[in-house]
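To begin, one chain is listed below as structure tokens, in the form predicted alone.
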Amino acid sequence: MQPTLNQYKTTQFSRIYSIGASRGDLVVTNDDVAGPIDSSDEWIRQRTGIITRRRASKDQSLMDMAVEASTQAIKRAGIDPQEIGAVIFSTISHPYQTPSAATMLAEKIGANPAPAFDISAACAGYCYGIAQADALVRSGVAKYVLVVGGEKLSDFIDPTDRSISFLLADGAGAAIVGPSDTPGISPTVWGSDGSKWESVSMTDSLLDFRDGLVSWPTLRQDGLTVFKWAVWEMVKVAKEALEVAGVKAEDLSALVTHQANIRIIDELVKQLQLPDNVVVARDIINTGNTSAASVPLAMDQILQDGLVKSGGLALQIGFGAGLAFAAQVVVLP
């Protein structure tokens, strides 16, 4: 008789149990960054909506912020770190190509020997991580999954660059995903458009830097291309995410998008025809653009401010370098 393999004990649904947050320890004003780009506080506010951004000092590392956010999420979820069945860390600013940031994080929070791996999907990375955590929990591979989006983008800034430098900030957001008796995370709508690969990228490769051909690579973007893509294409993704979740815009309690630019956020609200009672996360105003960290940080802010209640529905959508995107409807923790 042919032997039969054992199967995982699956669970039908998953949900986000908690969110944790950590922001850079420095508050950087528009006046602090305006000089090198020959700009002003007024120009930056009108163009991006940013009043201040949070950046990490030399004494605060990406890992420091990730540990703080993760520890907070674990405590709020009321679980033991040893119950974590996988650690997913989305980042583009880990200072080492290898080993992964996730393995170090697992050790520091006491989650060893959980499998741990990084995601490089920039601003879409956290939502990519939630999609994978959802699959891991429902398949029975892990009971709880820690998903972290974290960046120290200030390590890759050219202060004289007018395309993106004044947007960038530092922080980490973390979520615990676990089993649920009812649906808590909808199917994810995700993808990429590599035809616009260079729209958000680095000035040069690390190979060029190694060979002494260029200075330290820093981040750049084609702002107009990214703006048009984010506004017109991400509206389609957002609408599809609502459709596959089986809900309408008026069913939402909150919209939590990647905090790229206040004008992009406002245009998405307009195109989705969101009613006034839907809370729109605008964490970019005081935090800035933290890439993979922006969605969980923005969600944490509206929760801590009491603007939304646990159990409501939020459409979260990340989009950026790659160009990569991901969106899902989730039950607020």
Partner chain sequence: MALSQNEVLTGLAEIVNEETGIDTESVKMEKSFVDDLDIDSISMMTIVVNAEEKFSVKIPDDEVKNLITVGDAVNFITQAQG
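Small disclaimer: the values here were computed from a predicted structure and weren't measured. Numbering follows the first chain given and starts at 1.
There is also a form predicted together with its partner chain; it is not shown, and the following applies to it.
Colleague: Taking its partner chain in the model of the complex as the reference, which of Ser192, Ser215, Ser120, Thr225 has a non-hydrogen atom within 4.5 Å?
Modeller: Residue within 4.5 Å of the partner: Thr225.
Colleague: I need to confirm a contact call. Of Arg138, Arg263, Lys108, Arg220, which residue comes within 4.5 Å of its partner chain in the model of the complex, counting heavy atoms only?
Modeller: Selected residue: Arg263.
Colleague: May I ask you to check whether Gln46 falls inside a 4.5 Å heavy atom distance of its partner chain in the model of the complex?
Modeller: Result yes; Gln46 sits at the interface with its partner chain in the model of the complex.
Colleague: Would you please decide whether Asp64 lies within 4.5 angstroms of its partner chain in the model of the complex, comparing each non-hydrogen atom pair?
Modeller: Taking the distances in the model of the complex, the answer for Asp64 is no, it never comes within 4.5 Å of its partner chain.
Colleague: Just to confirm, Trp197 within 4.5 Å of its partner chain in the model of the complex by heavy atoms?
Modeller: No, no contact at 4.5 Å.
Colleague: Should Asp41 be counted as a contact of its partner chain in the model of the complex, where contact means heavy atoms within 4.5 Å?
Modeller: Close contact is absent here: in the model of the complex, Asp41 is far from its partner chain, nothing within 4.5 Å, heavy atoms only.
Colleague: The chain here is shown without its partner chain. Which stretch in 304-312, 275-283, 46-54, 31-39 comes within 4.5 angstroms of it in the model of the complex, by heavy atom distance?
Modeller: Selected range: 46-54.
Colleague: If you apply a 4.5 angstroms heavy atom cut-off, which residues in 154-184 are near its partner chain in the model of the complex?
Modeller: Nothing in the stretch sits within 4.5 Å of the partner.
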